[in-house]
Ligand SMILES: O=C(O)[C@H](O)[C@@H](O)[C@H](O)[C@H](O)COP(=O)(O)O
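Take a look at this single chain, the form predicted on its own, given in structure tokens.
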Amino acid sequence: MSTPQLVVHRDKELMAQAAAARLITKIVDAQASTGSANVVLTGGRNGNGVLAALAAAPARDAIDWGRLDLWWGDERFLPEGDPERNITQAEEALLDAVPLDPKRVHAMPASDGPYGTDVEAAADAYAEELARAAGPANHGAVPTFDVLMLGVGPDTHVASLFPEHPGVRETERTVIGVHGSPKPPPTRISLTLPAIRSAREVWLLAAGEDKANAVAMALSGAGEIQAPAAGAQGRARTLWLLDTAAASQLPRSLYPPASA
């Protein structure tokens, strides 16, 4: 696994714009290299901020949107179209404005979908969809994600993997149903750490003073059971994209002054 790298921006708006620019470059490079790209999106204010910044970026047209596969790191197990679902928010921020191939937008199942309220069956179905997309060269039962983005919660959770919860201890399955989430709604679907760590690059997004303690804890050597963000690492690169408020409890020796 890769050693974490930090980039600290002045504020959350600049962080979102810079992350969007990075993402455009990564997608274009992947498409030029292999013909397509696989990206895992995250919800929350920072994830949606990146998508909104991408929507506003003139360079977004450099992406061949028809050759992009989009996946999700987690989802709230709510009815389709619910405003709290990550895909609903992503559609409003970006997806409805670009010419994606609907077959390549891999939404996690909704609670009124074919699996009804059986979140375990819904999670298994998403794991099967990932496995079908994985090729012989991929690492495990998921496609090789070019970029997997994760928002970092104030409690250090990533996706829907919460400190000390059973999901963060999963070592074999790629997708799980989450019950009793400490953050509403209580029922969710989430990628596991093994699936997350199959990505080439993992980007962790955090902005705001309420994330400062979580960032410091995850980067101070805490274990992944107590701080799930500490276990989110990419095979080639692990990139923490922060604003100065989220980085405020870190020693400046961890990141160069120029990155501020």
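Residue numbers run from 1 along the displayed sequence. Everything numeric in this text was worked out from a predicted model, so none of it was measured.
Although it is not shown, the form predicted in complex with this ligand is what the next lines describe.
When this ligand is placed as it is in the predicted bound form, are 4, 200 and 231 each within 4.5 Å of it, taking any non-hydrogen atom of the residue? Result no, not one residue of the spot touches this ligand.
Which is the contacting stretch out of 29-37, 58-66, 219-227, 44-52, given heavy atoms within 4.5 Å of this ligand in the predicted bound form? Among the listed stretches, the partner-contacting one is 44-52.
I'd like to know whether residue 148 contacts this ligand in the predicted bound form, with contact meaning heavy atoms within 4.5 angstroms. Answer no; every heavy atom of residue 148 is more than 4.5 Å from this ligand in the predicted bound form.
Does this ligand get within 4.5 angstroms of any non-hydrogen atom of residue 167 in the predicted bound form? No, residue 167 stays farther than 4.5 Å from this ligand in the predicted bound form.
With heavy atoms only and a cut-off of 4.5 Å, decide whether residue 109 touches this ligand in the predicted bound form. No - in the predicted bound form, heavy atoms of residue 109 and this ligand never come within 4.5 Å of each other.
Looking in the predicted bound form, any heavy atom of residue 143 within 4.5 Å of this ligand? No, no contact at 4.5 Å.
Which residues in 57-76 have a heavy atom within 4.5 Å of this ligand in the predicted bound form? Sequence-ordered list: 74, 76.
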